[in-house]
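Given as structure tokens, the chain that follows is alone and in the form predicted on its own.
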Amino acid sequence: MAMSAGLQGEAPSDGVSSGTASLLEVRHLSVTYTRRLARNDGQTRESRHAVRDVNFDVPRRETLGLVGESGSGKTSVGLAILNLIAAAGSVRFDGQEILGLHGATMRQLRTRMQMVFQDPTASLDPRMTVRRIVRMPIKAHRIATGTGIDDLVAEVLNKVSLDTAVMSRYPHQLSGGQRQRVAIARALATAPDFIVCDEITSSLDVSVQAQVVNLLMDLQADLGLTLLFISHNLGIVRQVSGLIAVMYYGRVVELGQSEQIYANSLHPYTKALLEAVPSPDPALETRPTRAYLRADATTAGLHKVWSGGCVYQDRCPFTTDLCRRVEPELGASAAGHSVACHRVDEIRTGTAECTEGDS
């Protein structure tokens, strides 16, 4: 049974390892979507930047949590990294540039880069049994042949704590947690080094979320996986991620070690997100102060066309004329991590004054 050793977390033997500390290096990544319009003025297409100039590294065997509200561009980043949608910039996987790769070269890399999608009900073919679902990538990449295919299917199902009895079942015969485990097993079938986890707990009950998160952490420890964990749930992201990148309107506005972000966040958007996280203990639950979000702010800023300046200017209570004119770059802060904010030093020292009433 070919490639079974890969499920034991061994280093890849294809000779392409670059030896760098980061398995994934993303530089100036941008994604633009274009849609057709039916208008009388002759304009037939409209372009919208979903991701703009995103930069980060993911160290080997580490997890980068990518957080932000719906529409911030998180999923587009994950799809672009896997070369599933058109993008500009650079994505280097194990030292190899992958944007624009096609054919046999990209096909070979597919075995090392996988994705688990948000909704297992939609991502699993309802007409296929679990056996066929997990067999597909094994057969497509010729990882095993003959009886070795079913042996490998049973092995990966065991890795995600599913009994081989589910092999004959269809997705609708499984619980939500079981379906997501099947999706994870399908991703593990090619013995990947890197997995993009796109909101994999959002469709699950809280108790099942904990089981799936614990399973993912165990798999990472056992197999040496590198993960990009996309989520809007900051509580779960804190549990699984050593690094965190906060996205707003297609831009990374804060990036650093997980504990640095949670203990000493500096961007107003990050602070607003953390303030909104509910406490599991009602005695400790406090009413949000909304000190980092304008009282009249809405999510409309996520759906407008960016025209310059800071992406958070419409919802930030500290916006100045400089914020409206010049977009801040993501740069190192005195707190030790990177922030894209003109007033970061004032916010860090608590001297930033609210400018909410400025015109």
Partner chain sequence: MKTHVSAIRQRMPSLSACILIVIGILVAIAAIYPRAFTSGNPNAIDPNAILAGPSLRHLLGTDEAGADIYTRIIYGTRLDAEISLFSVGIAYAVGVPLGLLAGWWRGALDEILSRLSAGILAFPIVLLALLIVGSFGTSAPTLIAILALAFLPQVTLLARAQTMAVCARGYVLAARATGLRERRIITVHVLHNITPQLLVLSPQLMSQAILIEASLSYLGVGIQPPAITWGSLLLDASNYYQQDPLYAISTGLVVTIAAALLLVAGDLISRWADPLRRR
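Since we're looking at a predicted model, the values are computed, not measured. Numbering follows the first chain given and starts at 1.
Just so you know, the form predicted in complex with the partner chain exists too; it's not on screen, but the next bit is about it.
- Within 4.5 Å of the partner chain in the predicted bound form, a heavy atom is found for every one of Arg132, Ala140 and Tyr170.
- Of the candidate stretches 110-118, 147-155, 94-102, 205-213, only 110-118 has residues with heavy atoms within 4.5 Å of the partner chain in the predicted bound form.
- Of the residues Asn233, Gln260, Gln239, Ser123, just one reaches the partner chain in the predicted bound form with a heavy atom at 4.5 Å or closer; this is Ser123.
- Residue-level contacts in the predicted bound form: of Leu174, Leu79, Leu223, Leu243, one residue has a heavy atom within 4.5 Å of the partner chain, and it is Leu79.
- Although the partner is absent from this view, Leu274 stays clear of the partner chain in the predicted bound form, with no non-hydrogen atom inside 4.5 angstroms.
- When the partner chain is considered in the predicted bound form, Leu84 lines it closely, a heavy atom lying within 4.5 Å.
- When contacts are judged by a 4.5 Å heavy atom cut-off, Met128 counts as touching the partner chain in the predicted bound form.
- Though the partner is left out of this view, Met136 does reach within 4.5 Å of the partner chain in the predicted bound form, counting heavy atoms only.
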